[in-house]
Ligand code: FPP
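One chain is shown next in structure tokens, namely the form predicted alone.
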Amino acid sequence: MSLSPYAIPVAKELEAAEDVLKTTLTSEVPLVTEVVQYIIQNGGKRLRPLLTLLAAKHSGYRGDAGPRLAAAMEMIHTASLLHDDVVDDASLRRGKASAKAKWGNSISILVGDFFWCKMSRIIVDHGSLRILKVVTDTITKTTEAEILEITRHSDFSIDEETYLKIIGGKTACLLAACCQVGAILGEVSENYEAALKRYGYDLGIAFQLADDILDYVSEEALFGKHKGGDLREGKLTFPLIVALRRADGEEAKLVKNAMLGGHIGAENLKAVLDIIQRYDGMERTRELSARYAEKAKKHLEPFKGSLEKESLLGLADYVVERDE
């Protein structure tokens, strides 16, 4: 599934944001430019700049700052991925070798910092203290959620509430910030700004829960990561948390051994998947993802109809139904 149909109302602005990424992320150090170009060419969904631009245009903004701020929100996301790949020891990103795998931990971390700096310059140049506060608060929450996740690594006592808190900080907060930045650009009322922010947050939860399912069932060529990658990294995601709450002692032991072992083969992965399916882990996750998507849509009810609103509503369905 492609995001293209939802980008129609802001196609020109999204293309301009892509140009900002290509022209702004330059360095006098050849290796930095090499790594940056590799990452940009590897693309991504560009969901964050799309949300920023849709929210801005839906809020009545018609200025020229949208593409630069949309690109800045994508830079935040990219920086976090570069750092995540080091923390998770991930070798694949979007179907290709990760920057960490190609250039090592140090370069991956430092280029991530380079993205932070370029993003910060765009925000500062724009001159809105409100947007600067939204961005810095979001990065703080994301960092805290990353640390919380690390502290609960391979923790079989983690519950659904704690997990939702982690993904709220890691994923949903940034999508909420994208929508809020768009609302600030459009200078909408406090209530409308809050509604767009809540839309982005619930959309983010729905997105990540769907991602949890794809990690187990999607083909690597489509998903861009190794199947069962979260399990290999010792992460208990929602489908497994649901299943473990109902599994018996032997089943829980099998999952634990699979997670703590140095290598998870096809047989072990299948055994874990069988346990998840037996206790409706996938179905429960899919249902919760759909509920959050519906919650996201409801936040848009106060807004009048527009092409941008239709795209935002469509994105809520997209994040649940996508296959990559």
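In this text, residue numbers run from 1 along the sequence as written. Here the structure is a predicted model, which means the values were calculated and not measured.
The same protein has a further form, the form predicted together with the ligand, not shown here; the description that follows concerns it.
A.B. asks: Since the chain is shown here on its own, which stretch among 187-195, 124-132, 79-87, 243-251 would lie within 4.5 Å of the ligand in the model of the complex, judged by heavy atoms?
C.D. replies: It is 79-87 that comes within 4.5 Å of the partner.
A.B. asks: Identify, from the list 154, 136, 106, 143, the residue with a heavy atom within 4.5 Å of the ligand in the model of the complex.
C.D. replies: Filtering the options by heavy-atom distance leaves 143.
A.B. asks: Although the partner isn't part of this model, could you tell me whether residue 93 comes within 4.5 Å of the ligand in the model of the complex, counting any heavy atom of the residue?
C.D. replies: Flag for residue 93 set to yes.
A.B. asks: Does residue 170 reach the ligand in the model of the complex, with heavy atoms at most 4.5 Å apart?
C.D. replies: Answer yes; at least one heavy atom of residue 170 falls within 4.5 Å of the ligand in the model of the complex.
A.B. asks: Please tell me whether any heavy atom belonging to residue 100 falls inside 4.5 Å of a heavy atom of the ligand, as the geometry stands in the model of the complex.
C.D. replies: The answer is no: residue 100 has no heavy atom within 4.5 Å of the ligand.
A.B. asks: May I ask you to state whether residue 235 is within 4.5 Å of the ligand in the model of the complex, using heavy atom distances?
C.D. replies: Heavy-atom contact with the ligand at 4.5 Å: present for residue 235.
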